[in-house]
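Form predicted alone, single chain, as structure tokens, below.
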């Protein structure tokens, strides 16, 4: 990949240090992009620390002050390595000094006063949410177990029970508005304050703690991984076959198998409803999570009718009472027009907040997203630079597995099945399949809406011997668990080489 400006820099000798010192004033941001390939990749090899950093990405050390990445603080004098294809920013509220080593394109966003920084609005929103959480905790202590009645009353549309304790915040905006970064920041700040927010994403292109093509949710009661390319939302934060650098989260995952919600709106809405039900069950079981509330990321949206209907559906299923819109006054006004007079299932009004879009939101082209998807798939099975996982390979017969796929006709709804048995063929090679928490004896509709247990990759298909080579993150037979073959993400390179 060609990074503007880097091509003008004269090649450096392998032993030459590329460490730079960057000084940041309060509310300044260091915005950076670690390219997919090194500008010094043709240089001879060296054992120096500088070249090791260049080979693996960029290394950053906070030498003074305080700094954070999307709400998660950096430790002082610890080296953080950001892998290739990472685009992000480090923000300081107090001022900071950074030492940066490696191949990175960067710039400093400077603000004359804190009021000029869009991050101040996000920070103020966090403080407002904390006040709501404190009030909810106080009400919970006064009411005792009474505050769990809303869970039972939600499905019956009975709003006479006590309302949900914490705020349920939906973050929305147009493409490239920085929705996911704001959602991640609000979740990280809530965790730092001692809460346990439930974080959800109904954007299949931005799976949380799961492979792309899913909608998912998880409790974030521990710190996020600063070095994760996804900023703590990546698959390295989930249970695996090896040790983790940070405490793992246990996501609730449902499989769409599409890149965008509009590619299968009926199924997407069904899965959003399923995920909303799982969220309510988690609230009912955990008082701390219930008091902290929900942070919800959504697909990119405009004022188009279909997008509005999807967002209204999300608000209803998750009983959202705070809608945050980034950078689009028209989207904010249209949502307020549609929902301004509505009440949640618990009788609460919906509050609408318009935040400025940060000028530093990174543009992510299709090549960037494709690289990120492939890296997530590889990391799911083999780990990353910090941990090596030991996936399991097994050979099974065609008749020993149950694989389903969506019908070719996208209009198979109503009384038509949403899944059909897939004929095993070489076309499945290198695809990733979802293993469903269901039985092969269940009807297709039950299988399609079942939670995801995990993922496997089809490493090879031998049609002559009628055998499949399947790669899974842990050992063990698939048993009678059905697998679903989606239409996205696209097949990955041969993971076994």
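This one's a predicted model, so the numbers in the text were calculated from it and none came from an experiment. Residue numbers count along the first chain shown, from 1.
Below, we refer to the form predicted in complex with a small molecule, which is not included among the displayed structures.
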property	result
Contacting member of 92, 101, 117, 181, with respect to the small molecule in the predicted bound form [4.5 Å, heavy atom]	181
Heavy atom within 4.5 Å of the small molecule in the predicted bound form - the one residue of 227, 379, 291, 203 that qualifies	203
Region of this chain that lies against the small molecule in the predicted bound form, out of 203-211, 129-137, 380-388, 317-325 [heavy atom, 4.5 Å]	203-211
Non-hydrogen atom contact residue 72 with the small molecule in the predicted bound form at 4.5 angstroms	no
Heavy atom of residue 397 within 4.5 Å of the small molecule in the predicted bound form	no
The small molecule contact in the predicted bound form: residue 177, any heavy atom under 4.5 Å	yes
Interface membership of residue 78, the small molecule in the predicted bound form, 4.5 Å heavy atom rule	no
The small molecule in the predicted bound form reached by all of 278, 446 and 484, non-hydrogen atom within 4.5 Å	no
